[in-house]
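First comes one chain, alone, set out as C-alpha cells in the form predicted on its own.
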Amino acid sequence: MTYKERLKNVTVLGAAGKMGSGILLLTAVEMTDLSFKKENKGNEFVLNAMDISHKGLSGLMEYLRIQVRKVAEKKTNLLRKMYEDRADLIENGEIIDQYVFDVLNTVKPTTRMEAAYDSTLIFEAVSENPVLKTKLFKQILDNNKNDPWFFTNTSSVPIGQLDKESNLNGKILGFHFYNPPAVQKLVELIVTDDTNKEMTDFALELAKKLRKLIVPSNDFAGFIGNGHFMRDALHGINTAEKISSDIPFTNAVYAMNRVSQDFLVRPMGIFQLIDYVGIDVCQYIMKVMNPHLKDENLHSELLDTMIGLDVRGGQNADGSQKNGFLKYEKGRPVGVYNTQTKQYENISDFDAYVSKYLSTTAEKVPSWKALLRDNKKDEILDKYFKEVEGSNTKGAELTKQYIARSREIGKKLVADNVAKNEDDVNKVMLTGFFHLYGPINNYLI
C-alpha cells in the first residue's frame, strides 16, 4: 500500500482533545493537499474525527476552521497553483475560503467507533490509560478488514505492552507529538523489534511531510520526554518540600518555580509546567511508568494531596490555564495554593521575601525570551552559569543542585538504553520543551 493509499481513510481517536485536535489539523491539511495532486484527482480522502463528546466535536470544527485559515493565509501562492483550474476563484480571499471548505469537507466528525472500521491508519490520542487504549485497538482490529496500522500518541505506555495486549502483531508504533502538535516540531518515534518495517518507513515519510523532527526512543515506559520530565518534576517538588522547613510552604513552591524558570533560564517554572500538563496527568503518568522501573519509585505524596483536594491544573476548553499549584490571571501566576488553608496566597505578598531568601535580583539573570533568538546565546549562558558556579547564595545552590540532577537524569536515560545517545536527550528537551540548552551540556556546571 502506497503512502497515498494509506492516507485515503484515516481515523483520529480522541480528536476533540488537546492533542487529538492538533493531530487532526495536521492530518487534514496533508490529506487535502494530497487530494489536489494530479495523480490523485477523483480519489476520495476521508478523515474521521472520532470523540465521545458531541460538544467537543462541535468546538473542534470551529478550531479547525480558524486554524486552517491561518495555514491557508501562509501559502496563498501554493494555493493559487492548486486551484489553477478554477476560473471562478480570482481573489486570494476566495481561494482561501475554498481551501478552508475543502479541508473541513475532508473531516467527518463522529461519536461512533464504526467509522474506524474502514480506515487503514488509526491515530490514537485518548487518555494515558493502557486499558482504554487496548480496548479500542481490539475493537477496531476485530471489525476492520483493511489491515489498519495504529499510531499511538502515548507519552508513557510501552508500545510492546500495547502491541501484545491488543494482539496487533507489530502493527503499532509510538508517534508521540508534543503539545501543541500543530506548533511543536518534535515527534518521538518508538518502535519495537516486532514493529512492521513498512510502518516505520511510512512514519518517517509522514513526519517529513508534516515538517517534524523525529527523535527515536527505545521502548521504555515514559520514553525520553517523560522519562526526563517526571524525574525533573519530582526533583522540584521534593526540593520545595525540603526547603519548606526553612520558609513557608507557599514560599517554597514559588521559590522552586523561580529557580527552575528564571535561574535555569527555562520558558516555564516546574510547578507551572506541572499545572500546564495537569497535576492528575503527571500523577497518572508516574503510575504508568512505575511498574516498569526496577531501581526507583516515581511518586509524590504532594501530587496525591493536591488531587485529593481536587486541585488538578490543566486547560479550560478555550485553552486558558486552570489553577493548580499556582493561580493564574491572564496566563500569569499570581498566587500559590496553600494545602493547609485550601486557599491561594498572593505572590505579591512574599515575592520580595523569596528574592531575599534566594539572594538574587532579576537583573542578574538572563531572560529565556530574550535569549531565544540571540546569536550570542551560548556565550551569555556560559558566562552566566560560570557566575552561578562561583556563587554560594541559596539561589545558586538550588540552581546547581537542579542542573546536576537534570544532567544525572539525562545520562541515566542513555545508560538505561531509553535514549540511543546523549544528543537525542538534548534534542528532546531543546525541541519538545523549548529549553535553551540540553541537560547534558559541556558548558554547564
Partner chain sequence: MKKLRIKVYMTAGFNTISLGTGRKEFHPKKPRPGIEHYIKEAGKGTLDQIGGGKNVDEGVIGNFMAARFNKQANLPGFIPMIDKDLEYKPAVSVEGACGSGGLALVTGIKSVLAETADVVLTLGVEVQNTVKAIYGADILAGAGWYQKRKEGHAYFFPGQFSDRAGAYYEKYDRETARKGFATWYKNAIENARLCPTAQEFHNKDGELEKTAMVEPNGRAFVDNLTVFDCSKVSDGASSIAIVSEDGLKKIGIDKKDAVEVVGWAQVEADITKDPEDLTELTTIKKAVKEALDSAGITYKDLGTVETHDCFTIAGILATEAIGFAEPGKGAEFVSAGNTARDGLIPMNTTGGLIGWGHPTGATGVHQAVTIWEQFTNRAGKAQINISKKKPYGMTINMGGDDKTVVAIVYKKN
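Positions refer to the first chain, counted from 1. Predicted, not measured: the structure shown is a model, and the values here were computed from it.
FYI, the form predicted together with the partner chain isn't displayed, but the following is about it.
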**Report entry** Contact of Y284 with the partner chain in the model of the complex (heavy atom, 4.5 Å)
**Finding:** no
Query raised in the report: Does R407 make contact with the partner chain in the model of the complex, using a 4.5 Å heavy atom cut-off?
Result: no
Query raised in the report: Counting only non-hydrogen atoms and a 4.5 angstroms cut-off, does N92 reach the partner chain in the model of the complex?
Result: yes
Query - in the model of the complex, R312 touching the partner chain (heavy atom, 4.5 Å) - result: no
Requested in this report: Identify, from the list D147, E84, D193, E301, the residue with a heavy atom within 4.5 Å of the partner chain in the model of the complex.
Outcome: E84
Report summary line: If we test each of L273, I96, V215, L206 for a heavy atom within 4.5 Å of the partner chain in the model of the complex, the one that passes is I96
Query raised in the report: Taking the partner as it appears in the model of the complex, which of 397 to 405, 378 to 386, 37 to 45, 66 to 74 has residues with heavy atoms within 4.5 Å of the partner chain?
Result: 66 to 74
Query raised in the report: Looking at the partner chain in the model of the complex, which residues in 265 to 288 have at least one heavy atom within 4.5 Å of it?
Result: none
